[in-house]
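Shown next as structure tokens: one chain only, the form predicted on its own.
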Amino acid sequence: MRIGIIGAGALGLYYGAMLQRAGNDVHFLLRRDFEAINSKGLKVYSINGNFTLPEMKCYQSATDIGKVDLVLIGLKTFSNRDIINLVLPLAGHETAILTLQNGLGNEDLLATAFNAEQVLGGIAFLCSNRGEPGEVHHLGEGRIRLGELAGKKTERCQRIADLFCAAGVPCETSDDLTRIRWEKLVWNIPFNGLCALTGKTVTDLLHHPPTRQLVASMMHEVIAAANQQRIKTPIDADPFISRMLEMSAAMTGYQPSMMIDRIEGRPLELDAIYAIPLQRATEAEAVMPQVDMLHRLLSVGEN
């Protein structure tokens, strides 16, 4: 399959590398790492075994990639103002457009410019960071859940899931994209925000009883709001939160992406992870006061 990667950061580089290693024709739109990867390839340091791709098809302009069968979007959502122009050169009438971005609203934005039936969304439970230019570090997890924007299971969605599975990336499909988006927010909202705000890792927050309690309390808020959305099956809060905390306990010293963005002086993904979920909660007559306060604190100093 001919695949274009838009947003080749830690997520895009890792999944793109796995897909290329499995024999797919993968094309990477690169910025920061272009020179390093174009000259020396990519080194992947993974809990499942390290590997190197000595040659990759790298581009600095989306127009140079051309049409593909699948567009995989890992772009940070603070760059969504550019997303349509980046995807347009890659998308033919039959191209599947899959966004693995954080938060809410990404599929809806794509559907304003492309046929809604082309658009899929997914959530990636992936612990990965970029290292030196030309390196990506896979620290844990990696599984993906996919769903059609139209909210139904399709053969196309299953083929894409099978593609990831064949590349060594656990992937399953869902007929409820709204639910799985909110499930990811249950983790992203407390951990991304609190780690960025305090400068403490996931491990630090969990080992300190007051912040561990705060994380769990925020998770309850998010789940209550999620269950007011149009999801097919409500999320059972207590066992779901227990699983989230247990999974997080294995992320020793992990720095979420928003924490790294703040440390490195980049914008934060506040709209997709906070503002839009808060708006949708309000529209559904749900309240998330702790989440709202965290959003307000994170917004200090942001443009």
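Residue positions are given as counts along the sequence shown, with the first one as 1. Quick caveat, the model's predicted, so the values are computed rather than measured.
The form predicted together with another copy of the chain exists for this protein as well; it is not shown, and the discussion that follows is about that form.
K.L.:
Test of understanding: in the predicted bound form, would Gly131 fall inside 4.5 Å of another copy of the chain by heavy atoms?
P.N.:
Looking in the predicted bound form, residue contacts with another copy of the chain do not include Gly131, since no heavy atom lies within 4.5 Å.
K.L.:
Under a 4.5 Å heavy atom criterion, is Ala116 part of the interface with another copy of the chain in the predicted bound form?
P.N.:
Looking in the predicted bound form, residue contacts with another copy of the chain do not include Ala116, since no heavy atom lies within 4.5 Å.
K.L.:
Check Leu205 for me: does it contact another copy of the chain in the predicted bound form (non-hydrogen atoms, 4.5 angstroms)?
P.N.:
Result yes; Leu205 sits at the interface with another copy of the chain in the predicted bound form.
K.L.:
Is Gln213 close enough to touch another copy of the chain in the predicted bound form, meaning at least one heavy atom pair within 4.5 Å?
P.N.:
Yes, Gln213 lies within 4.5 Å of another copy of the chain in the predicted bound form.
K.L.:
Pick from 205-213, 70-78, 225-233, 116-124: which stretch has a heavy atom within 4.5 Å of another copy of the chain in the predicted bound form?
P.N.:
Careful reading of the contacts points to 205-213.
K.L.:
Can you work out which of Ala281, Leu294, Ala10, Met18 has a heavy atom no more than 4.5 Å from another copy of the chain in the predicted bound form?
P.N.:
Among Ala281, Leu294, Ala10, Met18, a heavy atom within 4.5 Å of another copy of the chain in the predicted bound form occurs only for Leu294.
K.L.:
Another copy of the chain isn't shown here, but in the predicted bound form which of Leu197, Ala111, Ile84, Leu163 has a heavy atom within 4.5 Å of it?
P.N.:
Only one option qualifies, and that one is Leu197.
K.L.:
Taking another copy of the chain in the predicted bound form, which residues along 160-186 bring a heavy atom to within 4.5 Å of it?
P.N.:
Nothing in this stretch is in contact.
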